[in-house]
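In the block that follows, a single chain appears as C-alpha cells, in the form predicted alone.
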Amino acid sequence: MKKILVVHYSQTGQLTDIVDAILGPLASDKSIQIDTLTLQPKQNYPFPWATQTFCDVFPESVEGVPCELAPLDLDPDARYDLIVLAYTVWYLSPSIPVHSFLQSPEAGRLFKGTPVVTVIGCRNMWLLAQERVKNCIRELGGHLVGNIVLGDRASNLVGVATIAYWMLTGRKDRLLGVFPKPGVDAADIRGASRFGVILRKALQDDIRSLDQDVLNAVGAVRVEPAYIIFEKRIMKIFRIWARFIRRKGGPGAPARQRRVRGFFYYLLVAIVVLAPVATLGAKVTLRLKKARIDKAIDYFSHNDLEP
C-alpha cells in the first residue's frame, strides 16, 4: 500500500478542486491511501476579504511571519511515500497558513526524507513563492520531485480586476457581465487529472525518479519570461513596504492601519500607472538579455535550487 499525504489550505475552495482533480486517478486506485491535512489558522482569514484586511496580511506574507495554526489532525510521526503540498500565492509568497506549517516542528518530522510534489493554484505570478517553498522543503529534509501550476488565463491587468472582484465580493461571476470569470478555468481544473495519471505511474515505479520534463510536456509548468523580471522588481518594493508597515506593530495593530492604507493606494497606482511602463521595460530587457532569460526559464521550469 502506497501512502500519500495532501497538505493544503484553501479559502475559496478552488485549490481543493484542483487537488481533487489531480489526485482523481490515484484516489480510484485501491493500492493507494490518501490522507488529507487541511490547515486551519486559529484566527481564520475571512472570505470574502475586506480591503483593509486584505492589505493587512501583506507584511506578514512577504516577511514569512507565521500565524498560529489549530492543532494538526495527524500523527506527525507517520511516514508517507509522497507528500503533495498545495498552496496559493499571497503577495508573491506562499499563503501564510502554508508557510506557517512549513516552519512547524511537525513539518520537519513529516517531510524529512520524503518525496514532495508541489501544486500551485494562482493568478499568474508564482516564481518567487515557489523559491521560498523549495528552500523550506530542502531545510526540512524533503525531496522536491515535481511541481504543477494552474493559473488564471486572463492577461495581467484583466486578471487583477477579476481576482480583486472575486476576493472582495466572494462572487465568481463575470465582472460587469463582460470580463472573464475569475480564477482558474473550470476546464483546466477538470483536465488536471492528466497529471495524476503521471503521478500514479511514478508512485508505482519510483516516485523519486519522477521527471519534471514529463509533467511539463503536458503543461505542468509554463514560465512567462516577463514575470521573471516583474517579480524580482516588485518583491524589492514589497520588502520595503512590509518593513515600513511592521514597524508600527503586528497584524491588525491600530497604529499601522494608516500605513496599510498607504500601501493600498500604492497598489492602485502601481497597477494603473506603473504596470504598463514595467511591461514595456520588460520587453526591452527580454530582447537585450535573451540568453540570460532563457537560462532563468529553464531554472524555474525545474526543481533544483540555486546554490
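Bear in mind that the values here come from a model prediction, so they are computed numbers and not experimental data. One rule holds for the numbers: they count along the sequence shown, beginning at 1.
Absent from the display: the form predicted in complex with a small molecule. The rest refers to it.
Undergrad: Is it true that 10, 13 and 57 each have at least one non-hydrogen atom within 4.5 Å of the small molecule in the predicted bound form?
TA: Yes, the whole trio is in contact, each within 4.5 Å by some heavy atom.
Undergrad: Work out which of the listed stretches, 200-208, 119-127, 137-145, 174-182, brings a heavy atom within 4.5 angstroms of the small molecule in the predicted bound form.
TA: Going through the listed ranges, the match is 119-127.
Undergrad: Just one of 84, 215, 92, 229 has a heavy atom within 4.5 angstroms of the small molecule in the predicted bound form, so which one?
TA: Going through each option in turn, the one that passes is 92.
Undergrad: Could you work out which of 166, 111, 195, 101 is the residue within 4.5 angstroms of the small molecule in the predicted bound form, going by heavy atoms?
TA: If I apply the 4.5 Å criterion carefully, the residue I get is 166.
Undergrad: Report whether the minimum heavy atom distance between residue 162 and the small molecule in the predicted bound form is within 4.5 Å.
TA: Taking the distances in the predicted bound form, the answer for residue 162 is no, it never comes within 4.5 Å of the small molecule.
Undergrad: Just to confirm, residue 264 within 4.5 Å of the small molecule in the predicted bound form by heavy atoms?
TA: Close contact is absent here: in the predicted bound form, residue 264 is far from the small molecule, nothing within 4.5 Å, heavy atoms only.
Undergrad: Quick check on residue 244: any heavy atom within 4.5 Å of the small molecule in the predicted bound form?
TA: No, no contact at 4.5 Å.
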